[in-house]
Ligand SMILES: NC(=O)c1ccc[n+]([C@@H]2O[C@H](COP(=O)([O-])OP(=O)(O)OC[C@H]3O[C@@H](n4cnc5c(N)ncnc54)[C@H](O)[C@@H]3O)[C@@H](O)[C@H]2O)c1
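Heads up, the chain below is alone and in the form predicted alone; it's given as structure tokens.
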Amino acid sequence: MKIAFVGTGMIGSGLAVNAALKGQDVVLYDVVDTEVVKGTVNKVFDILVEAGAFDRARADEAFANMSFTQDLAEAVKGADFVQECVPEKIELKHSTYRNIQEICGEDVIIASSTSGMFPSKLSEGALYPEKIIVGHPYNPSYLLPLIEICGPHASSETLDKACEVYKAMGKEPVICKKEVTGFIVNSLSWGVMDDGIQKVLDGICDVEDVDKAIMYGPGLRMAITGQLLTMSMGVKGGFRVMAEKYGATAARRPEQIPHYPEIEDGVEAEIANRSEVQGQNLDDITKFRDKAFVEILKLQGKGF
């Protein structure tokens, strides 16, 4: 599979490194000098090697298989997928998409790494607007697996193909079905940030205690089982019995919990979709979670 990365800052270079490490045919395009691009890519490899993700030999092999060019046509011709990571300037993105689609036609999917522009805005004036979607990574892109895909106007085949490409890069794609500010993840993150800031301003605690409260409590759990699965695991029977068991302490709106069948069914589907390593039933998930907790706490100097 050929994946072209158009724009090679730390985001584009990081994603390109991920793809190269998974054996994909990777080509990076930028208008800046190729040696500068190679330097950025090598910086990503250096970070990952130093962090112990893999050894130098594997990094050198992956780098040797990457291609670099200042010719857009050379980069995208024959590509199965284009990841656009140019600066957040709508005119630049529009001209980039038009050039790519003039070269590739309607076959190639273009995914933008934008964190704030909606696909409907990105695709304005495009030759094939339905093939332009958002593929938003989370910082640092070279390490965190998350990719948010947003393309309400795109076909299910296009979205499925994007998911397939990202999974082949070792990523975990999620689908944002509507154009909402912050997509999924930044909206969730901002909510936590805003509440944390307000607690400090209200004199409830100081900044360090806000962060400790997250780091050593719900943040640890979220890292292993998210939030909805985490809360469901807190009571036998999950969301289906949570309000009845805990009453007003279950949530800010406990009376509504029993009326969310899509959440109850969704948690069960999530459990079934987990990998064998992560556990596919509550007993195995709990064992996996606890082992992960131990390893994280050791790294934080909180080992037993």
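These numbers come from a predicted model, not from an experiment. All residue numbers refer to positions in the sequence shown, first residue = 1.
The protein also exists as the form predicted together with the named molecule; that form is not presented, and the subsequent description refers to it.
Among Asp71, Glu164, Glu88, Asp209, the residue placing a heavy atom within 4.5 Å of the named molecule in the predicted bound form is Glu88. Residue in contact with the named molecule in the predicted bound form (any heavy atom within 4.5 Å), chosen from Ser113, Gln101, Ser123, Thr225: Ser113. Residue contact with the named molecule in the predicted bound form: Ile11 places a heavy atom within 4.5 Å of it. Shown alone here, Leu92 lies within 4.5 Å of the named molecule in the predicted bound form, counting heavy atoms only. In the predicted bound form, no heavy atom of Ala53 sits within 4.5 Å of the named molecule.
Mapping the unseen interface onto this chain, Lys171 falls outside it, with no heavy atom inside 4.5 Å of the named molecule in the predicted bound form.
Partner contacts here mean any heavy atom within 4.5 Å of the named molecule in the predicted bound form, and among 201 to 209, 226 to 234, 151 to 159, 113 to 121 they occur only in 113 to 121. Looking at 5 to 40, the residues that come within 4.5 Å of the named molecule in the predicted bound form, counting any heavy atom, are Val6, Gly7, Thr8, Gly9, Met10, Ile11, Gly12, Tyr29, Asp30, Val31, Val32.
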